[in-house]
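One chain comes next, on its own, written out as structure tokens in the form predicted on its own.
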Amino acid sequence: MWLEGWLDRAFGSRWNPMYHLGALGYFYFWVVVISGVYLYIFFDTGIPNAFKSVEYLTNEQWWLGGILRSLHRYASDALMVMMGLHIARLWAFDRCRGNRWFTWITGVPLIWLVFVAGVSGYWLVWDKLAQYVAIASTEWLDFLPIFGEPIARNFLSPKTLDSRFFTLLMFLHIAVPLIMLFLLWFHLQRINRAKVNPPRGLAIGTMAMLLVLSLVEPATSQGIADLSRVPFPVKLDWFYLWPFPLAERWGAAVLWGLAVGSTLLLAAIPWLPPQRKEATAVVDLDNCNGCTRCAEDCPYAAITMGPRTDGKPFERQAVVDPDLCVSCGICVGSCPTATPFRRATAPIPGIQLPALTVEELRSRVTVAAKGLAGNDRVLVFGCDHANKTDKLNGTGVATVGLPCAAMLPPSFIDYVLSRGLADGVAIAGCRDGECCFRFGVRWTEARLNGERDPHLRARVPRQRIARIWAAPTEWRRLESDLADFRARLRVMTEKEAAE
């Protein structure tokens, strides 16, 4: 969070690369694919044709082929960096447990596929580095008793290797990215409105960075492979080839143990320990008219619209999949029937969380407001996954916790101000870009700005509403912004009293 805060100051939240790691990885993937297609046109399989064709692209066609070769290399490295940061960020922010396990699990095989695609690409160049990688890879694979004869024997001398090897290798290098593309599609199936494209400015900037790097430090070969000699020394790409020195130092058995063990550990992370299961959202058909707003706003595609089952004159009804619902409550904030003003009947909306019903939320608001005093009374609705806002409780401040800021129906703000329960309402949630449930900040802002249903009514004075999006590392800013808001409320209250 500290790192992302610094990057916010440098780039702004919209272009902060830490908020677009998955999209940047996707972008680099397409850079690799497009540059690879061009390189494939000029690539010639065979010995020594493979090396010569790459040298032609690098040196004689440096103005395009050489640049695209370098782009292919550096975008592959950048993809590895984005993937590593993406994994670390999801784990650090606990975005992989509970009902979010599916996306994490489907991402684990992608790590292997990225390595296979990258390592096989180094084989194709058929320089000294390719020779080293080929020998080290096959010796590592030969540890497994699944091949009739050791594969490494093919690299004992020039006579044991023929051109068919490069045809097979090229097929592998093309097939693996195609499998990756399918898995990426599968990887995003349980994410609503998945972000697969970074902001245009960030994409242009990072592309310019890769181009400059390609011109300043172009990718080059390390001399043609010679199976009659030991390839030494070689310069490694430490993004992809770091396992090979480990295999030399520790042996194939240890490296296999690390590879399998780390894969199993990554796969088990969503259940280490298991996340406590919260009661998922429930639909009340007596108050659901099938408006689709909850399905549109759900971050994880947990709500779909199905055919009506109660005979009422509506075409559809909301259906919650408990295996996908993460109990964020965003659907409650989107429901037009989630209102505290209902008095004749119980305030039961079309959809709500059993752990915090709309009736219970209204009760908490009423109780919290009773302890307020002064002319700068503020009721704070705080996200439980952002700052611990209960520390703000005092004579002039009362807090009500929510699973997500976007669970708050806009009508509750109207209720607090129109009933005089407080002089102002503050919504305190995750920092923009760090929302625990992806769209909490975005949907809350859109509803208050009248850009998304349900809108905040026009009669509500906007100057009596504060929106504070702050990370736990920004506690002082939260306190400062709240103090400024209370000062403005005092001025407004005194001015109104004078008039």
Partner chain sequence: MTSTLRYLGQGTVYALFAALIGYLSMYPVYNPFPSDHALVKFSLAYAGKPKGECHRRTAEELAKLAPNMRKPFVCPRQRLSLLIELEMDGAVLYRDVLNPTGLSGDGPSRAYRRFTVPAGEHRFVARLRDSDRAEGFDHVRDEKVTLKVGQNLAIDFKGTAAGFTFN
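What you see is a predicted model, and the numbers here were worked out from it, not measured in a lab. Residue numbers count along the first chain shown, from 1.
Absent from the display: the form predicted together with the partner chain. The rest refers to it.
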| query | finding |
| --- | --- |
| Any non-hydrogen atom of Tyr28 within 4.5 angstroms of the partner chain in the model of the complex | yes |
| Contact test in the model of the complex: Glu315 vs the partner chain, heavy atoms, 4.5 Å | no |
| 4.5 Å heavy atom contact, Arg153 to the partner chain in the model of the complex | yes |
| Exercise: Thr345 in contact with the partner chain in the model of the complex, heavy atom 4.5 Å | no |
| Position in contact with the partner chain when the complex is considered in the model of the complex, options Glu248, Asp94, Asp321, Asp284, heavy atoms within 4.5 Å | Glu248 |
| Selected contact from Phe102, Tyr300, Tyr132, Phe165, since only one has a non-hydrogen atom within 4.5 angstroms of the partner chain in the model of the complex | Tyr132 |
| Interface stretch in the model of the complex with the partner chain - options 376 to 384, 187 to 195, 228 to 236, 263 to 271, non-hydrogen atom within 4.5 Å | 228 to 236 |
| Partner contacts in the model of the complex for 202 to 221 (non-hydrogen atom within 4.5 angstroms of the partner chain) | Leu202, Gly205, Thr206, Met209, Leu213, Glu217 |
